[in-house]
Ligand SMILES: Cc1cc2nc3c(=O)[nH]c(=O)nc-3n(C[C@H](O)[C@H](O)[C@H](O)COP(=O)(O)O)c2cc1C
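Shown next as structure tokens: one chain only, the form predicted on its own.
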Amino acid sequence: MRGLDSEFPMPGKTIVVGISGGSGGVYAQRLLGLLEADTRVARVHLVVSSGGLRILRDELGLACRDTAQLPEALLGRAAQKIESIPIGNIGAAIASGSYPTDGMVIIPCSMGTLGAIASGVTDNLMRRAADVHLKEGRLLLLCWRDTPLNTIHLENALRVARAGAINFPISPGYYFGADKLDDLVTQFCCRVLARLGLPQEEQFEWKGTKG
């Protein structure tokens, strides 16, 4: 979709999604698919770093020279709600706190991106949008996958948490009886969306055990 960036959001939630260079492109793909299908979502602004483009190519086989084609490539069909914005476009609507959004998730979030956000570095649109969400007190979920973590990573995670972000490490649950990897990916993305106020019908809810 073109031209959306200059307009005010339509009724429904407006979500910002960032994809940086940490491994885990399938999680971003699944999250975007769920957002596209959710009738409560009006618009999704997508920002992908050069590292993010590489993991989409290496892990999912998606090679798009034009970032505007990314939503269709990720969904496997035309996107109605998702607009990809070049990461260098620091004049985009989501770079300003006056543009209302309902939350942002970076999935996967590289340690470099985590460190930049923790340090207040806003040298590209993804980092600037994250900074905006922090300063405006909006939801910011950082889904990082790296392990093990060194003390710098841990200190950065603590710093963003103190600033209001939510560290949401990619750590799939195994307690719902999944029998394939695809189920683990879906359930994790459902957890992310629930935290954004978008609970999914596919999400497993633990009911406890007897005795």
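Quick caveat: nothing in here was measured; it's all calculated off a predicted structure. Numbering starts at 1 and follows the sequence shown.
Quick note: we don't show the form predicted in complex with the named molecule, though the next part is all about it.
Colleague: So the named molecule isn't shown here. In the predicted complex, which residue out of S49, Q29, T186, N156 has a non-hydrogen atom within 4.5 Å of it?
Modeller: Residue within 4.5 Å of the partner: S49.
Colleague: For the named molecule, considered in the predicted complex: do all three of S20, M111 and R145 come within 4.5 Å of it, counting heavy atoms only?
Modeller: Judged in the predicted complex, S20, M111 and R145 all sit within 4.5 Å of the named molecule.
Colleague: Does the named molecule get within 4.5 angstroms of any non-hydrogen atom of I55 in the predicted complex?
Modeller: The answer is yes: I55 has a heavy atom within 4.5 Å of the named molecule.
Colleague: Although the partner isn't part of this model, could you tell me whether R127 comes within 4.5 Å of the named molecule in the predicted complex, counting any heavy atom of the residue?
Modeller: Contact with the named molecule, yes.
Colleague: Please determine, with the chain shown alone, which of 177 to 185, 145 to 153, 60 to 68, 161 to 169 has non-hydrogen atoms within 4.5 Å of the named molecule in the predicted complex.
Modeller: That would be 145 to 153.
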